[in-house]
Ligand SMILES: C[C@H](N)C(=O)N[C@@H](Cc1c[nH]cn1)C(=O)O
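Just the one chain here, the form predicted on its own, laid out as structure tokens.
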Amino acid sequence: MPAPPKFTEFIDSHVDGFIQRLADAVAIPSVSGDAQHRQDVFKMGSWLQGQLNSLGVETKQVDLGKHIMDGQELQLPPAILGRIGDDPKKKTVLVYGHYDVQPAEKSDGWDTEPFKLVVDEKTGRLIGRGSTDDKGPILGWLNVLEAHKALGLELPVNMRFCFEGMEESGSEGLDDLIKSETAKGKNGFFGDVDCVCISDNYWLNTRTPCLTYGLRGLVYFKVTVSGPARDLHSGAFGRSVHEPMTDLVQIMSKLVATDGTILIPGVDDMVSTADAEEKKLYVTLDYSIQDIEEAVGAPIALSDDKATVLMGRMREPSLSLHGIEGAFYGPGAKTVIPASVSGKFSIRLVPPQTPDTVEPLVFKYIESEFAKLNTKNKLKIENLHGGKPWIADHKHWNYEAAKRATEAVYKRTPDLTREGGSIPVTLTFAESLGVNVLLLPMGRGDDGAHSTNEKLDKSNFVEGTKLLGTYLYEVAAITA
């Protein structure tokens, strides 16, 4: 059952208003990982709640408690829970999204101000932090609600919403909320949910819509090496003391090889090798080496073999080095020996890996390598946060409904993909609620989430809104 023509016509005729709403959302710098922006995250949550209320959604903010960040205790942003429709004859769809974003400064390399949405009429791109991750997709659902309210159309399903403000910082507090509500059974907020839909990922390329049935997990580490009581002058103390930066760089260099091989013993070994039949799944996807190189803007793919690159992204673990905290990085030349430096890296996990099984291997290896340095500096290793990998049944009616909706809107069958990124709450919903979870992306593979010049194509915002609405109609029509 496709969506009514007047629904899609409404979307096409109200694009300017939808883009203005996105501009309003992008303008709020809701960076969850920066204590200085915590009030902006709260502001974004209140703005989103107001939008939902104006569209007929009954909402409540749920206090998720406090946490420690950068040495200070902070209030966690609230979860925004919403509900509309209670017809026992209809299916109930739970929609999840997050209203926080990654940090962004124009000095990072942005061509425009990151928290001011720029509409590039030439390319059709909507450029701004959060445009595709995840404010655009969240607002897609609001666009759907607005169309139904304005047209006097009854929603084909009951809807529940769960929006959080800490996804970019480990979703602190959300798991406990989901589990506590689930423990209430039918009386809990999620008690009548039949399926879950999340739009917080991307097409594999710039051409072909996809449905995603798998995600890699994540475990994020911080390694700190400290020595002197304060920063030192390299002329006065160089080659006379053990330097923390030297030790840290030695450790960081021993974590991953240039071909992507994880050098920590036992991590890669946890994952089975793909057989010929499994490799065929990746060969058939609409993807090429050119796609990945266009997405990153340089010819730097690890292999010329498509299946190898795709498996490296989807079904194999990866280790990435993210940065060094405490080191000098400004312009000019500063001859300082830092007193303490911290290296940050993460490992993307695939089944059967979990943060709990990988962490001991990481700690043991780093401690062993540090001991080999014969240094008098001190070592500290921290696991900052993590999440398990997830795989869903892509033959479930929830995926079939999304497939039909994609074919109706885009006139083509979507690819079935596993995604390299991590959305830990996906597994929490699947395990706690015991229902099928679908990842139905709005954005393209070159959107640059977490990167400079993040964008969402105008066409994806518009057609993606139609897709979300059409999906609801297909869910209503399909036999469970």
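All residue numbers refer to positions in the sequence shown, first residue = 1. All of these numbers come straight from a predicted model, not from anything done at the bench.
There is another form of the same protein, the form predicted in complex with the ligand; it is not shown, and what comes next is about it.
| query | Just one stretch in 160-168, 120-128, 308-316, 360-368 has heavy atoms within 4.5 Å of the ligand in the predicted complex, so which one is it? | reply | Single hit among the candidates: 160-168.
| query | Within 4.5 Å of the ligand in the predicted complex: all of Gln102, Leu218 and Arg348, by heavy atom? | reply | Contact check passed for all of Gln102, Leu218 and Arg348.
| message | Taking the ligand as it sits in the predicted complex, is Lys135 near enough to touch it, meaning that at least one heavy atom pair lies within 4.5 angstroms? | response | No, no contact at 4.5 Å.
| message | I'd like to check something about Ile423: if you look in the predicted complex, is any of its heavy atoms closer than or equal to 4.5 Å to a heavy atom of the ligand? | response | Answer yes; at least one heavy atom of Ile423 falls within 4.5 Å of the ligand in the predicted complex.
| Closest heavy atom of Lys254 to the ligand in the predicted complex, within 4.5 Å or not? | Lys254: no, not in contact with the ligand in the predicted complex.
| said: Can you tell me whether His67 touches the ligand? I mean in the predicted complex, with a 4.5 angstroms heavy atom cut-off. | reply: So His67 does not count as contacting the ligand.
| query | Which residue among Lys222, His385, His242, Arg207 has a heavy atom within 4.5 angstroms of the ligand in the predicted complex? | reply | Checked against the cut-off, the match is His385.
| field | Contacts with the ligand in the predicted complex - residues in 190-220 whose heavy atoms fall within 4.5 Å | value | Those in contact are Asp200, Tyr202, Leu218.
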